[in-house]
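Given as structure tokens, the chain that follows is alone and in the form predicted on its own.
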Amino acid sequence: MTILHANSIHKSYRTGKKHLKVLSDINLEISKGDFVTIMGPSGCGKSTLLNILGTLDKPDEGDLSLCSKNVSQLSDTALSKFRNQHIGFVFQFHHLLPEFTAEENILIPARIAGNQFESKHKAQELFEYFGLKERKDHFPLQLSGGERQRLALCRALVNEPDILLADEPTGNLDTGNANKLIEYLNNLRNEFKQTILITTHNPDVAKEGNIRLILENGTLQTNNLFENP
């Protein structure tokens, strides 16, 4: 089952009189249960690509389909609803709301979707799964960096999205917490067939995908760094 299909995506920005081409003829197909890693240095366009694939930004050219729906044809209101129901996001910075408890932060996407009360049981399952059961009434400032990022992951999963998009999710973590987060992501794929797409500049993270790509000169190429000689 195809979850995401991107066809000939192009994206440029104008800075003064200059025309900066960021993405050029991006083609990508992701099926249910895939763990896709896209590697590339800072500034190569990884975040721009993820924002387009996550419907937070629009390409200059090309088509994007998610869950068999051409999202480019949706109105802004319909697109926001679709995004909330089908896509989970995790960023390098956790973006937790400091005045809300851990449980309240997790339930924000469910509140937006109008199913906050129905999702409380799912939130408790996520707390247990990610080892945060004793932290649900804590505020973000009372949590460690690793706990905050796991909480952000819980928030991304509470609406049971078809695809999880993560932009440098280990970028602000030490090695131990980064490894733990990747272990959780692998378990999500192996146990629950969660579809995952990660952007990263870290080769140790990039090698975890069953589909490994490099974003270079605005195009996606197969990542050959991990092939056996």
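One-based numbering along the sequence shown. Remember, predicted model here, so these are calculated numbers, not experimental data.
One more form of this protein should be noted, the form predicted in complex with a small molecule, which is absent from this view; the next part is about it.
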(request) Please pick, from 55, 194, 177, 48, the one residue with any non-hydrogen atom lying within 4.5 angstroms of the small molecule in the predicted complex. (result) 48
(message) Please tell me which of 22, 220, 9, 205 lies within 4.5 Å of the small molecule in the predicted complex, judged by heavy atoms.
(response) 22
(request) Verify the contact flag for residue 190: yes if a non-hydrogen atom of it lies within 4.5 Å of a non-hydrogen atom of the small molecule in the predicted complex, no if not. (result) no
(message) Is it the case that residue 15, even though its partner is missing from this view, gets within 4.5 Å of the small molecule in the predicted complex, heavy atoms only?
(response) yes
(request) May I ask you to check whether residue 173 falls inside a 4.5 Å heavy atom distance of the small molecule in the predicted complex? (result) no
(message) Taking the small molecule as it sits in the predicted complex, is residue 42 in contact with it (heavy atom to heavy atom, 4.5 Å or less)?
(response) yes
(message) I need the one stretch from 61-69, 34-42, 182-190, 158-166 whose residues put non-hydrogen atoms within 4.5 angstroms of the small molecule in the predicted complex.
(response) 34-42
